[in-house]
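Next up is one chain by itself, shown in structure tokens, the form predicted alone.
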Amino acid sequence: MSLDDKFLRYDKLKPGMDHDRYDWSMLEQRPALNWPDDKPLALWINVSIEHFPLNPKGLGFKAPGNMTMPYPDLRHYSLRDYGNRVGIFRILEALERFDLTASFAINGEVARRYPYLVRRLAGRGEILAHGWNMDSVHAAGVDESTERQWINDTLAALADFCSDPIRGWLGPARSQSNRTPELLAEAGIHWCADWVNDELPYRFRTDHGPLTHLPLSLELEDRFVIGDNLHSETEYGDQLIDAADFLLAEAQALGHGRLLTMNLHPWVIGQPHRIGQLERVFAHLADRRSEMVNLGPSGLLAAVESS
């Protein structure tokens, strides 16, 4: 008995990923991108401020960094909490020392638990929503009403600290279900950073209008490099410096702007044995300031739209 032909047909089969969310194109085929002041390289630094519940339900899946031991997993819980009590202030000091700016992706529950911290961060850079907490991941097993509530509760909790509406989103663990883009657009989100299949922003279709995806590198993320790949702190610093030098050289050779992104976790890179490597990277970037522009997400998107 032969297999019916219908099992071999897929209406959305096309180059790139098999969906109609965006028009696929090679980076080298796109119009040349010019950053402000004709700088070849743009730098986006983001700091993720997270709350990991002590007793996670694990609905959908457990986000990386979540509790792993039987309740109460105080060892891992207190380490995550360290980032919001100690590590974040080391990152803020390093940013100030090297005259760099960052955005801050904040869980909604952090605003309820650490209002002082969120007020301080709101005065330092752009705020984007990071979901309700690190146990509220968006996945196929989560019903639509729960997803919508997480999004709306997060935006409401952060709105008390921001003069302007929040337009950006980074999902917990970069998580999305098939309907998350629709729910984000429905809630007034204009851009998100969950997909990492590119190095420059691109338009993304939803049933409630377009979103822009602003890729935030996973390969250069502190938690991923140190925690998952098990590379040393020195290797993490080396990789960021190598990426900066390569992207800058590529942009200069091709005449097409490139983007370097860094996603930092205070409970990882804010440790006393690691913060020196972040400072080493910041010093290297500061030395190349004449060839680089440090922008927040809104500035990046404005530059792309004006090119």
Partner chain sequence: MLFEFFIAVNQKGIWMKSDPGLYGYLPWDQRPEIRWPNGARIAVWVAPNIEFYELDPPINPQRKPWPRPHPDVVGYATRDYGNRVGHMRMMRLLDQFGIRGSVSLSTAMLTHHPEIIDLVLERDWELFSHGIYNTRYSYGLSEDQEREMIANAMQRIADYSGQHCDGYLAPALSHSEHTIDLFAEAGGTYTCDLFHDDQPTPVRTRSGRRFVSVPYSLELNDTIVYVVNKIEPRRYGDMIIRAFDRLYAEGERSGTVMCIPLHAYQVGHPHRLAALQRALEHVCSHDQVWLATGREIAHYYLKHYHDQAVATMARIAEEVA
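Positions refer to the first chain, counted from 1. From a predicted model like this one, the values you see are computed outputs, not experimental measurements.
We do not show the form predicted together with the partner chain, though everything after this point is about it.
- Three-residue candidate spot G60, D143 and E147; no residue lies within 4.5 angstroms of the partner chain in the model of the complex by any non-hydrogen atom.
- H231 is the sole member of H231, H208, R223, R167 with a non-hydrogen atom lying within 4.5 angstroms of the partner chain in the model of the complex.
- Put simply, of G255, P36, P64, G276 only one has a heavy atom within 4.5 Å of the partner chain in the model of the complex, and it is G276.
- Not displayed here, the partner chain is kept clear of L247 by more than 4.5 Å at the level of heavy atoms in the model of the complex.
- Using a 4.5 angstroms limit between non-hydrogen atoms, E182 is distant from the partner chain in the model of the complex.
- The partner chain is not shown here, but in the model of the complex it comes within 4.5 Å of a heavy atom of Y114.
- For the chain shown alone, D81 is a contact residue for the partner chain in the model of the complex, at least one non-hydrogen atom being within 4.5 angstroms.
- From the list 28 to 36, 65 to 73, 256 to 264, 238 to 246, the contact stretch for the partner chain in the model of the complex under a 4.5 Å heavy atom rule is 65 to 73.
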